[in-house]
Structure formats: structure tokens, C-alpha cells
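A single chain comes next, written as C-alpha cells; it is the form predicted on its own.
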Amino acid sequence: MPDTWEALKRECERCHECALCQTRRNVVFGVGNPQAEILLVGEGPGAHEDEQGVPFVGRAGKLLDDMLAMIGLDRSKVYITNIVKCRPPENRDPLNVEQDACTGYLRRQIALMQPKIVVSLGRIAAMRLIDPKFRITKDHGIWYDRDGMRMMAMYHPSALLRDPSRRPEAFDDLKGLQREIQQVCQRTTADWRDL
């Protein structure tokens, strides 16, 4: 039977593939438009996300929304998810075993969406999706071709909250994202023409 978004979400919500299921409040599957051409992927939910079951809802989420608005996007034009769907305790980095257990859900989300652009938010997502040796301070903003998709990484919004001096670089990456969208995304670019 072919995968559907609803069936995949239900399966993910019942997941017990790693120990994170024992401490989670909610599975954080994702938010936004599942038919979007642009997929944003963070590393994992934090406390606010675990509480609400929605990714990027705290201060970092507000900053992400502001960043998207700078280039004419909002959550209705993108889809936002994470490498792992359950909160790692104390907001630590997700362990490789946890990422391995959860990557299948992300792969299936990508297969259903077929996004044209995938943006890794932060080092962990970039190391999983782009290159295991990815260095966010050196490699952010660079475009890669992977499996028929255009991929790049930006600083995670929480990193920008901790170190505001990185914001000009993040703004440059956003402008690069906007240019790439105009080149490869028909539906999103059409939305901009309607503004």
C-alpha cells in the first residue's frame, strides 16, 4: 500500500524505535504545507516543541518566522520538520542511534513531498543530510545537489540567538535561498508574483 501523509504521521506518533519515546510528551512530526517545494529541517524538538507538538515555536521559532518573512515566505509556503521527532533530554544533540531510528520517517516525508529545496537548519541536520563532515561556520550558504534536490545549510535560529554577530551571514544565506527559489520553484515563485 502506498504511503500517505496521514498514515506516516500516525505511524510516527506510535514510534518506539529509540529511548526518546520514554521521555517525550508529544511526537513533533512537522508543520506547514506538505505539498511545499521547500523543506526546512532542524535537529530535534526543544521543550516548547515537545509541549505543543509543533516544531520551532519558542524564541528560535519566532526568529525563524521573522527570517522567512524577510524573503516573502511563511509556514504556509514551506514545511518544517526535524531529524528526530522526539525531544532529546535537556535539549542535548540527538545521538546517532536516535537519528538512525528516526531518519526513515524523514526519508518518507521527503519522498511524499518531493521538495525542490531542502534547507538544513544547523550543523546536526547538515551533517545528516548533506555531508557527515559538514562544518556550519565554513559551509553554510553553499548549495549542493543531492538526489534531485538543491540543498544548503544555514545557522540554526537558536545559534543566532546565542551569537547575534552571525546574523549578517544568515541574512546573506536567506538572500541566496530567495534567489534559488526564484530559479527552481515554480509554485512558490508564482505565489510571489501574486503579491
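In this text, residue numbers run from 1 along the sequence as written. These numbers were taken from a predicted model, which means no experiment stands behind them.
The form predicted in complex with uracil (URA) is left out here; the points below concern that form.
The stretch that touches uracil (URA) in the predicted complex, counting heavy atoms within 4.5 Å, is 38 to 46, out of 126 to 134, 161 to 169, 141 to 149, 38 to 46. Interface residue remark: residue 82 is counted as part of the site for uracil (URA) in the predicted complex, having a heavy atom within 4.5 Å.
Residue 156 is the sole member of 145 to 167 found to place a heavy atom within 4.5 Å of uracil (URA) in the predicted complex.
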